[in-house]
Structures are given as structure tokens and as C-alpha cells.
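What follows is one chain in C-alpha cells, specifically the form predicted alone.
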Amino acid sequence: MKNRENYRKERIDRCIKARSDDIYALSSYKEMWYLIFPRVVPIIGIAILAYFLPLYWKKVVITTCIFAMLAVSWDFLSSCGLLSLGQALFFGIGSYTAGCLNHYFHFPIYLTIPIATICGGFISTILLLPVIRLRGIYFAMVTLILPLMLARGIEATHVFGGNEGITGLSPFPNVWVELTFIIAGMWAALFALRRFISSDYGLIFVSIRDNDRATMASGINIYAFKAQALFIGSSICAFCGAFMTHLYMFTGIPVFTMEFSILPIAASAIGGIGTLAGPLLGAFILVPLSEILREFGSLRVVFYGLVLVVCVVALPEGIFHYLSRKYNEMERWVRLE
């Protein structure tokens, strides 16, 4: 046992952060591992679990990754001052775009997904451009109503297959391709958005959320930046919609269901709003939990709701904030000079 008279406790991250969260001064491999551990372990852990789980749970991991990307997209939009309830809108537009390209124009899968990602983001931005000046709940109400309107319009006019939807679309070659594709897309979206939002250009989007009037007074066209944020966020959701279309070889009115709007918000609230990684963590808690609780039948909703309430009340800041704070408070014994 160490003689405590010659040692003292010191936080591990002391002297590691030189100027910011992105610039570090490392003096040992232990400090390097301290920084890498929380980033590398989730990536390796999810990959190992995904590839060694039974087929059913592989499908659950794929679904979880989709909802994780929707949650990360929602958190990004909220970080830019856009309160959205329309992830289902972006998801559905991407799904129908990929389905139509594949069914009517016979585009291969490696073209439908990237085209649907860009076109879905563009169409979503055009639809919401007239109301982009609205703030808070008023903008959220429009994003909530639009997917319902589109679903009823397709049902009434019988376009794009009507109630039956479009079936027989091109599938992925195998489940390994599905897993690799969606996991890579999820991590790419997370790390790209984290890098983007912490850049000098991304700080403009954060300033719009914090005080849009002051940002506007600085001579910045906040509506142009909101349109850019809307395109980025909706493109991620459109990618998820296009992917799921080929995953199930189907697109139809169910892609506009409210589940694709509500669950990402719940995941963000549980994981930690404003962190980007928190919503991903929340999705990896809620989606597998929902599958585990299926065996309880109608009581599933009761247990599911109980877990949500406990998490929100016990950790209002979010699980990711709590874990991050505890990790940064870790200490070590160092010898006195």
C-alpha cells in the first residue's frame, strides 16, 4: 500500500487538456488511453456484438442504428435552434424517393440510397423553407403536420402504390452488408456532426440557438444557416429511410408513422440533449429494451413508460452527461515532488 504522505490524488485529465476539448498535451500512454477509451470501446463493442449475435438480434442492432441516426439528426437540429417533430417527414421522403427510383426507373441500390439522401434533404428543405422563420413550437407544429398530410394525400390519390405501397424492391446482398453499411453510416454521421458543430463555422449554428437576435444583429443571415442545418439534418434521416426501404424491400404510408418522430426525441431526452452522442446512447437503450419487453404483451407499454419516467426524473441531464462527468472526475495517486 502506498504511503499517502508521499502521494496525493490528482484528476487524470489534469494537464491533458491544453486549450480545448480538441487539443491535448499528452505525457504518457496512460493519458492517451484515457482519451481513446471512451471513443474506441463503443465502436469495437457494437461491432463485436453486431457480428456475433443471433440473426434476430442482428436485425435489432440494424433497427437501433437507424433510430440512433434519427436521434442524432434531431439533436443536431435542436442544437441549431430548430425544434423538429418531423423526423418522420424526412425519413418518409427518403424512403419514397429510393423506392420510386428503384421501382419505376430501375436504379440499382448503390445509386438509389445516395440519390435519395441528397434529394430527400433537398425536398424536405424546400417544403419547410416557407416556414423557416417560425421559431420554437410553431416550427415544430408544421413539421408534425406535414408527414400526416403527405400520408393522407398518398392514401387519397393512390399515387406511389396508395395504401399498398411499393413492394419487390432490390434487397441488400446479405445481412453482413446491411450491418456494415448502417454501422459505418451511424458512426460517420455522429463524428462528422460533432466535428462540424465544434468548428468555427458550426459555432454560428450554436449561436443561432443561443440568441438568434444577437446573431442577426451581427450581420449574419440566420435563415440561410437554418436552411443549411435543415438540409444536413433531413439528409441523414432521408438516408435512414432509403436504407430501410431496401432493408425491407418495401415503402409505403407506414414510413410516415409518428414512431420515427417520437422515439428519437425520447432517446435524446434519456441520453442527453445537446451532446449528439447522448441520443445515440439513448437509442441503444430504448430500442433493445422495447424488444426485450415484447414478451410481457400489453404490459410492455407500462414497463417501457416506467423506464422512461425513472430515467428522466433520476437523470434529467441525461445518461451521457452523467457518465461523462463521472469519467472526467476519475483520480489517480501521484508522487509528491
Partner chain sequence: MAILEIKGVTKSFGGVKAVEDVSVNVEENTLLGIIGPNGSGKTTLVNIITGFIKPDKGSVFFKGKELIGLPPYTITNLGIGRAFQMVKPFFHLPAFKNLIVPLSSKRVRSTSGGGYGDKDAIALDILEEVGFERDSSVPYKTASVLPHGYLKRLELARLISLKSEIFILDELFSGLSIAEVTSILPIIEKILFEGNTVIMIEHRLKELFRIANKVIVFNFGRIIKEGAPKEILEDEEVKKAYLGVEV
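Numbering follows the first chain given and starts at 1. Because the structure is predicted, anything quoted here is derived from the model rather than measured.
There is also a form predicted in complex with the partner chain; it is not shown, and the following applies to it.
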Practice task
Although the partner chain is absent from this view, report whether Ile220 comes within 4.5 Å of it in the model of the complex, heavy atoms only.
Solution key: yes
Practice task
Considering only heavy atoms, tell me if Gln228 and the partner chain come within 4.5 Å of each other in the model of the complex.
Solution key: no
Practice task
Indicate whether Asn211 is a 4.5 Å heavy atom neighbour of the partner chain in the model of the complex.
Solution key: yes
Exercise for the section: Answer yes if any heavy atom of Tyr201 is within 4.5 Å of a heavy atom of the partner chain in the model of the complex; otherwise answer no. Expected result: yes
Completion exercise
Answer among 241 to 249, 97 to 105, 143 to 151, 211 to 219 for heavy atoms within 4.5 Å of the partner chain in the model of the complex: the stretch 211 to 219
Problem - Leu134, Val206, Val175, Ile109 - the one with a heavy atom within 4.5 Å of the partner chain in the model of the complex - result: Val206
